[in-house]
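What follows is a single chain, given as structure tokens, in the form predicted on its own.
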């Protein structure tokens, strides 16, 4: 009986300590609860699949142009110079990496892990932002990324810890909102226009020869029709990924706004994790959509 009573008391003590831990939130790691660092790893892998294709669509259009007989090309038409698009894709990759590194830093800061960032990102963003051939949205994104980087550098230098999490979030919210909006616009507007041009090039490349095919070319026509359908399907996958990218940027903005709101309320880590959970799940879905479509034709 005494042994049973001791075990019972021990069990009650464990339950009491666990309850106290939850109520005080000091035993809760926000990074474990909200998964900010893991989410950042996923975003770092998936977002470039979309932004890199800013250059890819130019290359594909040039391939169509080069495979069109000279007699069928408009006399004034030439292959595109893809270098500006390659530079833009590189610029976007760096800005995205700043955004992702920032959320990773929040996760580490929230769990009192050492917060770091890659100083090389700072130099690369500064250098690429000097190129004035980018769209206005891309330039804005570069400026916002530099602002966020400076804040991260200051936080690292000053040895920020969990208690300064709210301060960091509040200070960076305007830049994060602008950065996500600008990246969203570059992809869903500028890149969307490039995909629309690719669609036109694709239709022009296939439809004319298909319409002029002779009866004896029936088998060849079937092969061309299949390739046309394949290329159209691949293009649609890229358009769908573009939409998912835009959704991811909206979710990043919403996630940060919620973190800021909870920080201003001085909410517990448990409450913060509860409030941001739906947005994080939505963001994970968007990133998963990008990943799954990248495996399609």
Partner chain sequence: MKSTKSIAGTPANTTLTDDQMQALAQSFHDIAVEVGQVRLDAISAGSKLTDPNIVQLQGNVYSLMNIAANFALTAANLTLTNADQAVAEISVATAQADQALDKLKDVDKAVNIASSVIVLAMAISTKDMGQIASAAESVVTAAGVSV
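Keep in mind the model is a prediction, meaning the values are calculated, not measured. Residue numbers count along the first chain shown, from 1.
Another form exists, predicted in complex with its partner chain; not displayed. Remarks below refer to it.
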Residue 219 versus its partner chain, in the model of the complex: is there a non-hydrogen atom within 4.5 Å? no
Exercise: residue 72 in contact with its partner chain in the model of the complex, heavy atom 4.5 Å: yes
Counting only non-hydrogen atoms and a 4.5 angstroms cut-off, does residue 173 reach its partner chain in the model of the complex? no
Spell out, yes or no, whether the shortest heavy atom distance between residue 137 and its partner chain in the model of the complex is within 4.5 Å. yes
Which of these stretches, 165-173, 192-200, 93-101, 145-153, has heavy atoms within 4.5 Å of its partner chain in the model of the complex? 192-200
Under the 4.5 Å heavy atom criterion, name the residues of 197-228 that approach its partner chain in the model of the complex, in sequence order. 197, 200, 201, 204, 207, 208, 209, 211, 212
